[in-house]
Structure formats: structure tokens, C-alpha cells
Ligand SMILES: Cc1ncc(COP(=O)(O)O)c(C=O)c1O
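First comes one chain, alone, set out as C-alpha cells in the form predicted alone.
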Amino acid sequence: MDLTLTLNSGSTKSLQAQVFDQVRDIILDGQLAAGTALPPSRQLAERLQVSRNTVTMAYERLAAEGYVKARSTAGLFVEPISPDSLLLIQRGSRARTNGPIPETSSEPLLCFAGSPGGGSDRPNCDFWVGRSDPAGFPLRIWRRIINSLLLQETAYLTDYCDPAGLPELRLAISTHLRRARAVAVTEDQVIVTTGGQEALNLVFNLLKSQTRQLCIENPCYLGASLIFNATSLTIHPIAVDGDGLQTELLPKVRGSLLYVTPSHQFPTGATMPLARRLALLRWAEETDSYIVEDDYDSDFRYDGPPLTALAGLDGGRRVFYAGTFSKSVGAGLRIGFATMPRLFWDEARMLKARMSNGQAWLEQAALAAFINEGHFDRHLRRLRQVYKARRDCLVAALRRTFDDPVLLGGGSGLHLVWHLPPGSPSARMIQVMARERGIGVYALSSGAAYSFNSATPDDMLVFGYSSLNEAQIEDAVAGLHSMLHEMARRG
């Protein structure tokens, strides 16, 4: 199949965006029927006299937005679009709009809730960040708990729960936090949420009326940046180094709200030392500010004893703690939580009621039983051993295969970062080329990270190792080495 595309190198729109827009319009105009194969990326790149990477990135966007789909190694094929759906899509100059159509961004698809493409479109060896091992889910115990609950009590299935969360689960969470993270909270300081992202939304909306400015790590977690960027408040990005957020760069203006990931900075993996944690608390006290501590994967620390959370050092004054069971039990449960100073709990409970009438009873009750019966602690101990072995395998394979790689953030959590050496291909290029070989590694811009600078650094690759076994990790690193060697040979 030949495609007639016209690219303008002088346009303000990138070549990748031009390829995407023109192929998309051809599909929507019906010139390419469902099931038609797109030209191979190498062939189209040669015809257009552009880099293959330009065409590959455009094809990836077409696939991500559902216009085409890969069929094994056969190539990309046009997906069927119903006539009713076509009526909802604005196309080219014939579109009827309520205003100008913004120019399509040339940035790769940013995704923080799952692997790009999702489901069956994942690479064979996918180092996506923060994915739990499906085989590690405690299915037998979970099934027994669910069956037991349904035999004992069914009235709650037809009734609403407390919007703050099931009391038994809030008590279980507070008990676990006091024991494992030294966070001295009671159940009436805990709000159960739909994952960690809603916990961040809850805290921000609770405090926004009394916040004059926002402070955030740079680079940071994409989900937090989306919340902050949606406001009209001034944002102060604070640079991070090998010890996390650089506290000396924090503004001295009163009434700030700071987002920070001190235990395992996302995405670099840095662990904030005690001196900086204390400096953060002094800053909050001196400037009458508040801190949101995102402790997203703190259950997994491999080198050294568990760290006291920032909220544990604070003693319930100025730190709001956001946590999740997505990494430790499973993201499919959609259960997270936020803890807060007791002064704010009543208002937070009312705000949560406006957001939703609470989480599903069955999952909350099952998780409470899972924690209270001691299964959660045993589950964490087993997962730490499994994930540590996979971390060790990845580190050993990278160091054995590449010359003295600079690896960051491997002491805890579920991912580490490889800081590429000078002269390497860009992280995005490696990501695209590796995906063609069935290997999913991610540049910061595609790995749920965000930078407030003009461009996200493109010299770091993110490896989430928790969902891959040792054999898959070894094969993937060998595949990367072979690919990079071939790229270097071709110049």
C-alpha cells in the first residue's frame, strides 16, 4: 500500500506530527479500509526521506489512539471505525468546531496509569514502572477471605459505606503505618481513596483555598504534575540530586504546598537523608506551609532497615501522607489512602463524600481481613525476596554487559534508572527501537515522569523490574546489548 504524504520541513509542526496527522486523515476519510496494512516504517521513511524513527513514533501514536493495531510480526493494520463514531470526530478543514483546533504535540504519549498500549499490546519483556507480578497476587488467601465475607455478611453489598472508608480498614491501615513506617496516626486520621492518585487529589483540593503557591520536585511523578498544572497557582519546580529534593532551593514564601517523594524519589530513585528531611520540616514550620509525602512504594526496601517516613518525623503537624496498595497487593483493587493532621479530618471526610460515596465494601473488608490476619506482612516479606532477586539480576546483567553503567535508585522500590553514557543514542530512540524487538524500556518522558524544564532529560532509561522473572531480565538485557551494538556499527 502506497501513501501519498506531503511533508513541510519549514512548518512549526514536527515531521512526526505531520506524518501522524496525514495518515490519520486518510484513515478517517475512508481511503484506507479496515484491515489495510500500513507501509513498513523503513519503506515509508525512505520514500519521505526522513528518519525511520520519525515514522515509527507516528505509527506508535496511531496505534496508541486506536487507528491501527499490530498483528504479531505482520505489521500494522487499520482498525474498523463505526459510522456513528466517525460523526463525533472532527476532520481537517471540514470540521465544525467551537474554536481553533490546537496543534498536535510531537511529544510521545504520556501514560502514568499503565503500560502504553495496554493489555495484549505490551512487549514480551516489559520493564513498565510499578507493575506488580501477577503471579505474586495471593489468590488462594484472597478467595478464602472473599468467600468467608460473603457467607457472613451481604447487607453491605446493597448499602453505602462511610465515605472516609470502612472503619476496620482505616484501623488496619493506621496500625500498619505505626508499625512499619513509624507514622503515629489513628483511624480517624485516615481517608480511604481510589488509589494513590485520588489521595493526592483529595489533599490538594483540601488545601488549595489556603495555598499561595505550589512546590514540586523536578523531575517528578507525572500524576502530581497534572494536578498542579491544572491550577492557576504559581508553581516552583525544585531540582533534585542524588539525595532527592534540594531543600536549600525551597522558596521562603509563606503558605506553600510541597509535593515530595523522599523515600524513593520518582523517577530518579534517590533516597532523602535524615538531614534533608529535617530541613523540610523546618521549612514547613518557618513558612507556615504543608507537605504532601507520596510514599508510593515504600514497602520495598532492600538495602538497610526501613526508613521512618517524613510524616513519622513530623508527628502529625504539617505532613499529609499518601499511600497505596497498588504496588504491594494489586492495582486492580483500586485502594489507596491519605493520612492527615486530625484538625483536617472532618473537612477531608466531607470533601471525600462530595467526590464519591466511598469505596466498594467487599474489597475494603477483604483488605482489612488480609492485614489483620497477618497475611499482608507475610506477603510483603515474600515479595521483598522476589523483587530483590530480580533487582540483583538486573543490576548484575547491566554491569556484566555494559561498561560501568551508572545505575540510580536501586536500593528500594520497584524500578531503577540507567543514566546513559555520553555518545549513546537518545533514550527515546532506544525505547522505540527496543519495542520493535519486544523489549519495553522507557525514557523519562514515557515512563510516568515529568520535567518542568523546556524538555525532559533524554539520557535516562527507566527499568521497572518487578513483573519480570530473572530469565526474562537476562534475555532483555542481552537483546538491548545486541541492538545497541548494531546501532553503533551502523553509526
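Being a predicted model, the structure only gives us computed values, none of them experimental. When you see a residue number, it is the position in the sequence shown, counting from 1.
Although not depicted, the form predicted in complex with the ligand is the subject of the following passage.
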Practice item. Note which of Gln197, Thr268, Gln364, Ser174 lies within 4.5 Å of the ligand in the predicted complex, where distance is taken over heavy atoms; exactly one does. Key: Gln197
Practice item. Would you kindly say which of Arg391, Lys327, Lys352, His379 lies with a heavy atom within 4.5 Å of the ligand in the predicted complex? Key: Lys327
Practice item. Please state whether all three residues Arg301, Tyr387 and Tyr442 have a non-hydrogen atom within 4.5 angstroms of the ligand in the predicted complex. Key: no
Exercise for review: Verify the contact flag for Tyr296: yes if a non-hydrogen atom of it lies within 4.5 Å of a non-hydrogen atom of the ligand in the predicted complex, no if not.
Suggested key: yes
Check your understanding: Looking in the predicted complex, any heavy atom of Arg334 within 4.5 Å of the ligand?
Key -> yes
Review point. Phe127: heavy atom within 4.5 Å of the ligand in the predicted complex?
Key: no
Check your understanding: Tyr321: heavy atom within 4.5 Å of the ligand in the predicted complex?
Key -> no
Review point. In the predicted complex, which of 392-400, 339-347, 259-267, 278-286 comes within 4.5 Å of the ligand (heavy atoms)?
Key: 259-267
Practice item. Taking the ligand as it sits in the predicted complex, which residues of 203-236 have a non-hydrogen atom within 4.5 Å of it? Please list them. Key: Tyr221
